[in-house]
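Coming up is one lone chain in C-alpha cells, specifically the form predicted alone.
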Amino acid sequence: MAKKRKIAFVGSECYPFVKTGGLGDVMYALPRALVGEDCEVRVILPLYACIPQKYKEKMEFKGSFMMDLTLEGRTFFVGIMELQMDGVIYDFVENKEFFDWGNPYTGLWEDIPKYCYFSKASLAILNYLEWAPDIIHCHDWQAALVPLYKRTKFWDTPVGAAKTVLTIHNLRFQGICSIPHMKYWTGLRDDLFNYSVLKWNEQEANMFKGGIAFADRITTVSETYAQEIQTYAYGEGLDSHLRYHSPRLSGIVNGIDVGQWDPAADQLLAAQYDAETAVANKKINKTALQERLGLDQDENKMVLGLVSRLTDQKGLDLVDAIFPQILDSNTQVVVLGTGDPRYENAFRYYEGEYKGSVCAYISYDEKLAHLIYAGSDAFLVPSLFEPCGLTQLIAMRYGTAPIVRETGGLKDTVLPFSGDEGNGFTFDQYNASLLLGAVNDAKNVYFTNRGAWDEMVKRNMRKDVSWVSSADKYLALYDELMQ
C-alpha cells in the first residue's frame, strides 16, 4: 500500500477561524479535499486574538520552545496549540507579542516582523512535532519566506527535505519594506538581498519576490491569471521576475465548498431547489428577496445581483458609469457589500433615485448573500482584474447567470452564452459600454428566449465547481515534485 502523502499548508488565514478574502476559503477547502484523497494534512496558522473563543476552547497545547529570529539572534517564544476538524490537523502558532492584538493585518511596519516570525516558526514547529512533510504549500506574501528559510536555516533538518509550493492569490500585496528592516527581522544572510532574490529597489526588499525565486513550484489561482501576471499590466512590478521563473509557474483554478453553497439544502433560502426545480423555485426566492429589500414584487422582472467588496478592482466604476442605462421598467438591481465610500454613496444615491427598483445594502449579511445568489437572475462581476473569483462560481451553482469581464479566473470559468451552450455573458476590454452590451445581451435572452435561458440555468447548476478537479491537479503537481 502506497504511503500517504504528507502536505503542510502555511498561510495567514483560514475559514472558519479567520478570513478576510478568498485565501481563507482556499486554506479551508483544499486541505479538506486532499484528506479525501488519502493525504495527511496539517494547516499552520497564527493564533490571532480575533479567532472565536469556541475554537480556542477546543485547542490542545502541544508544546513550546524558544526560537532565534533577528540579525542579532533575539529569541522569541513559540507555542503550539492544536485542533482537529474534518480530518485536518490545525496547528496554531502562539506568540502574544506578535498575534495577540488587533486584526490579522495591521500595517506593513508591524506585519513584516510578524510574518518573518510566522514563516520561520512554521518550519520549526514541523521539526518540533517530528512531522516531516513531503510538500510545504505556502500561500501569499505572508508565508513567502518559508522557501528561503527552508533552503538556508533549515536545509540540514528533517523539514529541509520537503518540496515547496508557493501560491499567489493576489499579487497586489507583496510584503515590501526597507532592506534594513527586513534584514533585521529575517536574520537572512546578505547575499539573499540581491536583485535576483529579495531586493526590490535600492532601498527596499520584497518578501513575495524572494519566495518566488526560491520555491520549487509557483502556482496561482487560474490559468489566465498565471499568464496575465507575466505582463506589465497585471504583474504589479514583478512581471519580468515571473517571466524568468515561468517554467515553474502554473495556474489551477479554485473551486467552492459545495456543501456550504448548495441550493438544494440551503436553509437560508425561501425555497430550496436543484437543477430540476430551479425554474419554479428561483421565482419564490426572487419574490422573497424583493419583499425583504423593499423592491416592487414582480417575479417577471429581471433581477441583477452584485455581492462584492466595493472597490475599484471589482469594476464598479464601470457599473457606476452605466447604472441609469441598466435600469428600465423590467429590471431591478440589488447590491450587497462595503468598501470605498465613493461606491457606497453612489449606490445609496441610486437607491434613493430609483425607489422600488434598486436596493443598496451597504453592510455584509451572510443570509442575504445566499438569498441574492438564489433570487437573482443574473450576477455582475465586471472586475478590472480577478485572480480567480468565487462569486461567479457560487452564482452558477445557484442557477444565476454571471455577467463577467474576460480576465483571470472569470475567463477560465465562464463560457459565453451561445444558443445551447455557455454559462453566462462576457466582455473583453475594460470599458463601460462593453459591460452595458453584455447586460443587454443577457436581458435579450432572458426576455425573448426564456427556454434557452432556463436551459442555461440547469446547465450552470450541473457544472462541477467543487474542489474535486482542482485538488486532483494539485495532487498531480505534488506527485511530480516528490519524484
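The shown structure was predicted, so the numbers you read here are calculated from the model rather than taken from an experiment. Quick note: we count residues from 1 along the sequence shown, nothing fancier.
Beyond the structure shown, there is the form predicted together with adenosine-5'-diphosphate (ADP), which is absent from this document and is the topic of what follows.
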If contact means a heavy atom within 4.5 Å, which one of 313-321, 397-405, 205-213, 114-122 is the stretch that engages adenosine-5'-diphosphate (ADP) in the predicted bound form? 313-321
Classify Arg309 as contacting or not contacting adenosine-5'-diphosphate (ADP) in the predicted bound form by the rule of any non-hydrogen atom within 4.5 angstroms, answering yes or no. yes
Test of understanding: in the predicted bound form, would Tyr364 fall inside 4.5 Å of adenosine-5'-diphosphate (ADP) by heavy atoms? yes
How about Leu23: is it within 4.5 Å of adenosine-5'-diphosphate (ADP) in the predicted bound form, going by heavy atoms? yes
Can any non-hydrogen atom of Thr391 be found within 4.5 angstroms of adenosine-5'-diphosphate (ADP) in the predicted bound form? yes
4.5 Å heavy atom contact with adenosine-5'-diphosphate (ADP) in the predicted bound form for all of Gly337, Ala369 and Glu386: yes
Answer key, adenosine-5'-diphosphate (ADP) contact in the predicted bound form at 4.5 Å (heavy atoms) among Tyr128, Phe193, Tyr184, Trp261: the residue is Trp261
Can you pick the one in Tyr373, Tyr350, Tyr90, Phe98 that has a heavy atom within 4.5 Å of adenosine-5'-diphosphate (ADP) in the predicted bound form? Tyr373
